[in-house]
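Shown here is one chain on its own, the form predicted alone, set out as structure tokens.
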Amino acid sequence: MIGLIREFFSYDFLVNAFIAGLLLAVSTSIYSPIVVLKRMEFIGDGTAHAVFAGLAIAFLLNLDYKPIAILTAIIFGLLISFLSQREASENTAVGILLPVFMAFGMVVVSFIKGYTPDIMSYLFGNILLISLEDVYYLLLITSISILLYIFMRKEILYFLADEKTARFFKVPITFIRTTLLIGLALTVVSAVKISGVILVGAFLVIPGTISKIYARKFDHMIFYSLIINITATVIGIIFSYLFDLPPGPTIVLLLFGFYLLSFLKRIM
């Protein structure tokens, strides 16, 4: 066992993958309970797919994907916030905007000459391709998420409990919603290289769904989500190393396995 651990940490790319996975586990565990309690499950998945448009633009212009993907995700989040304050709910707004952003991305991809295999890697993710620069970016996003929770905890609880009452007591609901959507968008971009556009929703929905079953307080939900995400990430990376499996999908399948266990325990 000790030999396996030494062998595992002797490779820089595995160390980067391990640290990046833990950082992503922390950042997504903060947003997962909010997404589930506010019934915004579609938003995480929608934002991830909207980022595809930014990735396509970056590949077309041969630029670093992060700034463009971040800008795309923020625009998507702001549009959702704008539409959800009018006629549409958050999920309806996502349903309207998601195919638009995906279609735009596909049109942009059609202008890229030659074969573009890297786009497929971003669709499904590959945590083993994480660089030290990606780790620093994840550290920044995770720090922002933690600070957001620390300094806006009370406002977030008002936002989750009752928006109308919160507005009556002058709580800036619009600012909170927009800030959370932007933070969520940044987290989704940070997760793209690890789990991919298609699988990132699992990190944002499954932990919160499981923690909702057992937790009685919002803080406990975040703690349980953190434990679930970290456990799935660590085991998933180890399994992918031992059995030559794709890391992102392996972690997602473990998360789903945890959900099935909690579901079976509840009904038995």
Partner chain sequence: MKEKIVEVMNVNYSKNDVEILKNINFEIFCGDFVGIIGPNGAGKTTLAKIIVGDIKDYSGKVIVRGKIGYVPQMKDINRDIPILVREFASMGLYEKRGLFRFFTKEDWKEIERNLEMVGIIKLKDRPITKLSGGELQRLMLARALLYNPDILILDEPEAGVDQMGKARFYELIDTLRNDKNLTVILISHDIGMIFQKCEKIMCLNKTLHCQAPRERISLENLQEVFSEDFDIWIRGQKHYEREHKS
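A quick note: this is a predicted structure, and the numbers were derived from the prediction, not measured. Positions refer to the first chain, counted from 1.
Omitted here: the form predicted together with its partner chain. The next part is about that form.
Chemist: Taking 4.5 angstroms as the heavy atom distance cut-off, pick the stretch from 236-244, 55-63, 214-222, 41-49 that is near its partner chain in the predicted complex.
Modeler: Only one stretch passes the 4.5 Å heavy-atom test: 214-222.
Chemist: Just checking whether Tyr137 would be counted as a contact of its partner chain in the predicted complex - the rule being heavy atoms within 4.5 angstroms.
Modeler: Tyr137: no, not in contact with its partner chain in the predicted complex.
Chemist: If we define contact as a non-hydrogen atom of the residue within 4.5 angstroms of the partner, is Ile150 a contact of its partner chain in the predicted complex?
Modeler: Contact check for Ile150: yes, within 4.5 Å of its partner chain in the predicted complex.
Chemist: Does any heavy atom of Ser110 come within 4.5 Å of a heavy atom of its partner chain in the predicted complex?
Modeler: Ser110: no contact with its partner chain in the predicted complex.
Chemist: Can Phe101 be called a contact residue for its partner chain in the predicted complex at 4.5 Å between heavy atoms?
Modeler: No, Phe101 stays farther than 4.5 Å from its partner chain in the predicted complex.
Chemist: Identify which of Leu132, Ile96, Ile75, Val171 has a heavy atom within 4.5 Å of its partner chain in the predicted complex; exactly one of them does.
Modeler: For this set of options, the contacting one is Val171.
Chemist: In the predicted complex, which residues of 128-167 put a heavy atom within 4.5 Å of its partner chain?
Modeler: Contacts from 128-167: Ile150, Phe151, Met152, Arg153, Lys154, Glu155, Leu157, Tyr158, Leu160, Ala161, Asp162, Lys164, Thr165, Ala166.
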